[in-house]
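Before any questions on binding or motion, here is one chain by itself as structure tokens, the form predicted alone.
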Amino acid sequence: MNTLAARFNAIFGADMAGPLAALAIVLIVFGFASPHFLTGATFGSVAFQLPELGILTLAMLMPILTGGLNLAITFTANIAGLTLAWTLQANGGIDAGPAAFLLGSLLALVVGAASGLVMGLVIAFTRAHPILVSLSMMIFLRGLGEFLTRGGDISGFPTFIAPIGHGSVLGIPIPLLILIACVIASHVLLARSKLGFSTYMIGSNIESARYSGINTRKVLVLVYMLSGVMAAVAGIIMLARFNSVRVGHGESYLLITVLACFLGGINPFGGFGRVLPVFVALVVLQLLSSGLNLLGANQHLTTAVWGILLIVVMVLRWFSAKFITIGK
């Protein structure tokens, strides 16, 4: 048994055990509970619904690895989407061309990066707690968006944008391909780059990282800027998928991104965690949502289940750490 566990850990990593076990449980339970669960329709629905949530989770991941948090990801995504929408509206609305879309997308990414830049600078130079800083940014972006849109939404975009949210290539949804590209880029960044190494070092002990020669301020600013850019990518996909933008889109995603990170083995205090287990955890949560929908549960109950699941995950991780300590 120990040999089997050691082989599993060597191939997949110890942090993959929890997400894969959760995936198996969800597939088995809902497979028996509903005859429509293990079907192509369910997995096709998951493939289209997963990307914006997945990219927002990647936006949350890097700040958590530094021991921080970015509570502004959903509103950053929406403000970025609004930036793209305003650019399209200013260039003909439904008749806008690809050049306007590219310009709007670039401006959306700049807005996302600017949001992260402000948070990163405040966190790095004032040492204010990331929760307070990102909460302040969240409130600011929400208020700004509500003021500029008067609480309404913006819709009516060129038809060539729709495939980004609903199209497929060789049967694979385009949003899913974008998510996979973002997952690969995040994995390479964290596992193979100097910035990734510095991110883990800061999450483990920021003072030790500083004494070892790492420019912790620069790293924190870059991490929050990348978080903002990733949120902006999610905002672009949400615009294409819903064919509209408003400030309140995806508010419930914030809880799920944190839950996915913790279910994927990310240390809530920073310094440890990988992208791939988080990706598996995302699939688990989306399958759980689809399974509950097939059983007739509404979105509010699903949100409540996610909240309880987050508590359960934290308790189980506490028990696991306690037993490992006792075993030593």
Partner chain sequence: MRKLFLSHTTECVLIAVIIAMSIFLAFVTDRFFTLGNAFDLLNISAVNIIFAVGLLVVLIAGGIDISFAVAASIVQYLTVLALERIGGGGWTSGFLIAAGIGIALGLINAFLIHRFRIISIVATIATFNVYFGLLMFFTKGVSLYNLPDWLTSRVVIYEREMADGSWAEITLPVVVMAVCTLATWLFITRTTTGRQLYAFGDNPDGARRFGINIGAMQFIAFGWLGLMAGIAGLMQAHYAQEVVPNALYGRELDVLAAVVLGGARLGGGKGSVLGCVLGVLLVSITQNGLNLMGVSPFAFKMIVGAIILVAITLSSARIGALAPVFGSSISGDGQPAASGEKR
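Nothing here was measured: the structure is a model prediction, and the numbers come from that model. The term rigid core refers to the maximal set of C-alpha atoms that superpose within 1.5 Å between the two forms. Positions refer to the first chain, counted from 1.
This protein has a second form, the form predicted together with the partner chain, left out of what is shown; the following refers to that one.
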Whether Ala128, Leu144 and Leu301 all lie within 4.5 angstroms of the partner chain in the model of the complex by heavy atom: yes
Which of 148-156, 95-103, 236-244, 192-200 lines the interface with the partner chain in the model of the complex (heavy atom within 4.5 Å): 148-156
4.5 angstroms heavy atom contact with the partner chain in the model of the complex for Ala21: no
Close approach of Phe262 to the partner chain in the model of the complex, 4.5 Å, heavy atom: yes
Contact label in the model of the complex: Met230 to the partner chain, heavy atom within 4.5 Å: no
4.5 angstroms heavy atom contact with the partner chain in the model of the complex for Gly67: no
Sole residue of Val122, Met225, Leu179, Ile161 within 4.5 Å of the partner chain in the model of the complex, by heavy atom: Val122
Single option in Gln89, Ser168, Asn205, Ser252 placed near the partner chain in the model of the complex, where near means a heavy atom within 4.5 Å: Ser252
Within 4.5 Å of the partner chain in the model of the complex: residues from 266-281 (heavy atom criterion): Pro268, Phe269
Rigid-core frame, C-alpha of Ile308, shift of 2 angstroms or more between this form and the one not shown: yes
